[in-house]
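Form predicted on its own, single chain, as structure tokens, below.
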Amino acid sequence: MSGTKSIARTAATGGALDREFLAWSTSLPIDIRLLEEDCRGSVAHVQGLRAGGLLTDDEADTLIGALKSLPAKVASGEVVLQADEEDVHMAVESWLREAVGDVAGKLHTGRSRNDQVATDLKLWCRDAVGRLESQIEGVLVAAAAWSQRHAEVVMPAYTHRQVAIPTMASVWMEAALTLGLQRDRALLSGVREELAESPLGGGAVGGTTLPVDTSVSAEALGFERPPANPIDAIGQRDHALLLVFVCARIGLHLGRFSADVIELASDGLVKLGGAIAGGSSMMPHKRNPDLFELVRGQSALRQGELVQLMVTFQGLGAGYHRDLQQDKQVLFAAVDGVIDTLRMIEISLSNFEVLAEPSMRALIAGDAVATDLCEGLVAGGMAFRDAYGRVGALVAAQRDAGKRLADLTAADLEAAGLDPALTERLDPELAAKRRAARFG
């Protein structure tokens, strides 16, 4: 099969690449997404070359003007990058040669695709952190509004997926969603720290002997500093791994929240709005928690992406390896997926509500005030295990009679040898508010 010659090949390379191998190995369909970052990085590199005296002002201005114009031209369809290149970096350089002529051959001075792709990826990750922070904030704002709407609603807290004790709806929302996302957002600051160093200047593996001013390009791109070690700069992907871990953890938190909503809806304690509920193609009465089931399923994908990335890096030595080409596909999927699911959860928070009356019925039927009654006895001086046994006996007796703890009257308590004032411990709403006040 005839081959194709790339500008990144020489006679020493061994001639043209097999076309079928090139089509199989090219990363262009994936890393075309880095076009804007690639051009931004190249503009900064040109500035470093000019500062080092390796480009004249006219040459630098020509290259910068062309590079800055390219993303918009590709987006509009005015320019179509060559599909027979190994990656977006070579596609850009090929176009540049056609656009500005021989001066394009100076762009790659003192630079390798190894530090180029590492730089592009860090730029993309930095933007991704900002997008994640913004979408998390959208969910947190929506969750706060939901809690305000449900400020007085009392609902069951579950253990072992059974009604356990009364809680306020706002306390559940905080535990099920808000606090986890706040911790995730804080963890993103750690990703930012790992994105502080520019890889540009690391070259292929050992930097360059040319007077390229890497501090200029680092500053132009918003990095805090140029590369400290060229081998590490081009080969480490710790920032990507940490970012995918954060995405996986966000996915876990969204999946946990979704599992709660699905179960609450199944128990009739949550009403889903028609805007987010799925229907059945056969059963006309169904209102299914499709959004939450899909988010829960997406959580599994995030865990898989984390494992994919870890396995890709497993066993690689220092420096760049072609295996690293595969990191972008995983990283893009993880970030895109979690941003989409965060948005879906944000939408859902305006479209479901906890139902106060069914929740109260579930609390009463589940004898959810048993612990509060037990603690009332303890507060009156009874040993905990004695109180635990007394309340357990009351629960059994009430259930045998077809009743619940909440049905007990002051006279019933007195007849059982207990303080009649303990009736206030039988109110689920008071129990929930009493507990919430301890953590307010």
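Remember, it's a predicted structure, so these values are computed and weren't measured experimentally. Note that residue numbering begins at 1 and tracks the sequence as displayed.
The same protein has a further form, the form predicted in complex with arginine, not shown here; the description that follows concerns it.
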Query raised in the report: Since the chain is shown here on its own, which stretch among 113-121, 182-190, 253-261, 223-231 would lie within 4.5 Å of arginine in the predicted bound form, judged by heavy atoms?
Result: 113-121
Query raised in the report: All three of Asp87, Gln325 and Lys328 touching arginine in the predicted bound form at 4.5 Å, heavy atom to heavy atom?
Result: yes
Requested in this report: Let me know the one among Ser27, Thr371, Gln398, Gln47 whose heavy atoms come within 4.5 Å of arginine in the predicted bound form, would you?
Outcome: Ser27
Query raised in the report: Quick one: does Glu37 come within 4.5 Å of arginine in the predicted bound form, counting heavy atoms only?
Result: no
